[in-house]
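Okay, so here's just one chain, in structure tokens, the form predicted alone.
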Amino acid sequence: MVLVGVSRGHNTDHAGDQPTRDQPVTRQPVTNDEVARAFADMATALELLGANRFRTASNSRVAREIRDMTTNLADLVNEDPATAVARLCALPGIGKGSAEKIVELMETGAMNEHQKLMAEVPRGLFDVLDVPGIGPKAARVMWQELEIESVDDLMAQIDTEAFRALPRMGEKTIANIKEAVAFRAQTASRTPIGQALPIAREIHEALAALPGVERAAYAGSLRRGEETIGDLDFLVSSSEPEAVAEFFVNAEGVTKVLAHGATKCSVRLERGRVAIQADLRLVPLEAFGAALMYFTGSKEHNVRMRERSIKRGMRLNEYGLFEGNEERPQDLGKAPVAAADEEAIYAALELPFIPPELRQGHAELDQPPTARLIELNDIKAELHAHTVASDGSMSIEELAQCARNRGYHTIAVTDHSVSQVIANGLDADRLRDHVDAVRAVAARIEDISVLAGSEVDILADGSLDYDDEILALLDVVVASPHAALRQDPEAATARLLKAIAHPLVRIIGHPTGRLINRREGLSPDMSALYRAAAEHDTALELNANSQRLDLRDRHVRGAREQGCAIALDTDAHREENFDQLVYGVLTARRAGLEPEGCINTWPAEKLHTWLRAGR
């Protein structure tokens, strides 16, 4: 077993996937996330040490590439260590030096350069960098001049004369830092998309309805469909911009106005238990597309788009795409080649339209999508839903009618199995009666197929909660892990592989059991799961519940590369849970999933034939 001793950097984009800095390091096989974390650590440390910016950028780029890879680096290294460096160099974004460090980490459990840098930089400085308004240069000066090495040190010195004497540290800046630290304590983790999107939609609708508003949109990580959101970004074109700005800074839930200008407003919002920053940018209608592209990002996608435009003798910024090499061509009065619509900008750069969810700065420009991505309206079946028989709130008939009203041709009733005592799981006798009840409803309701199923627990050893005689009574078996979610990766892999290979299991539900920002869940060898699922024709579920989104986007991408079928279900317990489908679709689109790759989009006959296969 290869052991790893890397620590967590300051990037919070994957807070739900990684342990915190202060948790003890567990001695487990090296994962892609841990390799990425080591490179992110080094990039941050180099920034704080004032190192060459190219070294910093290189480590950041490697961390980003590895974090989103579907290739298991450990497999590449362990398969043939003698050629590992060469094979790693064939991966996007990995140079020889980085490849050698990856091999070193895999083989020894440590990376010499990483350890040296971590010894040079106080661990608490990573937390200081998390405070909005404090960049690497400011953090470095605080550290060098005042020996500030943590947020506690920062707050202990923030009211001193020495702190006020630091460069660009005026009273307003100090007040903003104090408020940011307090706000950070309230919003220690990024906001899950399931909390952010409803707020953004409400604000967007209100902005769009204002007099004089010609176009309005939300942008940023929310438009890209990321599972957690740092802040909310809105763009508006209006003939009455002052009125829009006034409305925004006085919107419901605004607790602090951070900026109120002619082109940008920023506020802090509190809606229910959610506290989040929201920014409004007022842009000309003729440049709306360019601004929407720019503020949607991601940063890496924008950089690649600008590089592409420069190679073609043009400049791209938030005002448009312009001919020539001037840094700010709009200031010279130049008319843009394209600006009003994103589609026109992509076309001018000889690209098809790149959906926002794919703008991740990886291969989307080199291998742009050639087929349509999955959409909400493609979903025609729900194969994972609960009733009052276990822990749901709807009867069988109410569940079926709800699915029928949404235009679905199939609904599977999959109440919990016996081990889920807290969820009122069904023992064998109750399940038999429940199957009869489902069949009775199916006989009465027209225009929709109502299937009798179960969400069956995958026990710690990989066995299932019912014996095969009981499972054979069901139309669909969704096998899911619910307990023992801290198993080591080897045991978790064996457990899930056993369930995948079971001939009566058609879907593996929320395979890792993670809860965003709350529970990391299992860390199995995903590549092994993909291969087994493809071999046994077992679907892996993307659970659309916004607290789960399990599989993650990169897992869906890896599964499809191996030929696995994807199930996209809401795990509905109440009628409103069906509305969670949007989060699953956004995640699927980030993975580049096309309709045909998702079993929930298939026509009824094809789906039912697949469900019966092997039974």
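All residue numbers are counted from 1 along the displayed sequence. Fair warning: this is a prediction, and the values are worked out from it, not measured in the lab.
Not on display, but discussed next: the form predicted in complex with 2'-deoxyguanosine-5'-triphosphate.
With the partner omitted here, the residue from R190, R315, K380, H362 that has a non-hydrogen atom within 4.5 angstroms of 2'-deoxyguanosine-5'-triphosphate in the predicted bound form is R190. When you look in the predicted bound form, the only residue of Y319, Y346, Y530, F295 with a non-hydrogen atom within 4.5 Å of 2'-deoxyguanosine-5'-triphosphate is F295.
Though the partner is left out of this view, G230 does reach within 4.5 Å of 2'-deoxyguanosine-5'-triphosphate in the predicted bound form, counting heavy atoms only.
Interface membership of G220, defined by any non-hydrogen atom within 4.5 Å of 2'-deoxyguanosine-5'-triphosphate in the predicted bound form, is confirmed. Heavy atoms of K172 never reach within 4.5 Å of 2'-deoxyguanosine-5'-triphosphate in the predicted bound form, leaving it off the interface. In the predicted bound form, N302 approaches 2'-deoxyguanosine-5'-triphosphate with a heavy atom inside 4.5 Å. Just one listed stretch, out of 222-230, 202-210, 105-113, 441-449, contacts 2'-deoxyguanosine-5'-triphosphate in the predicted bound form at the 4.5 Å heavy atom level, and that stretch is 222-230. Residues of 341-360 placing a heavy atom within 4.5 Å of 2'-deoxyguanosine-5'-triphosphate in the predicted bound form: none.
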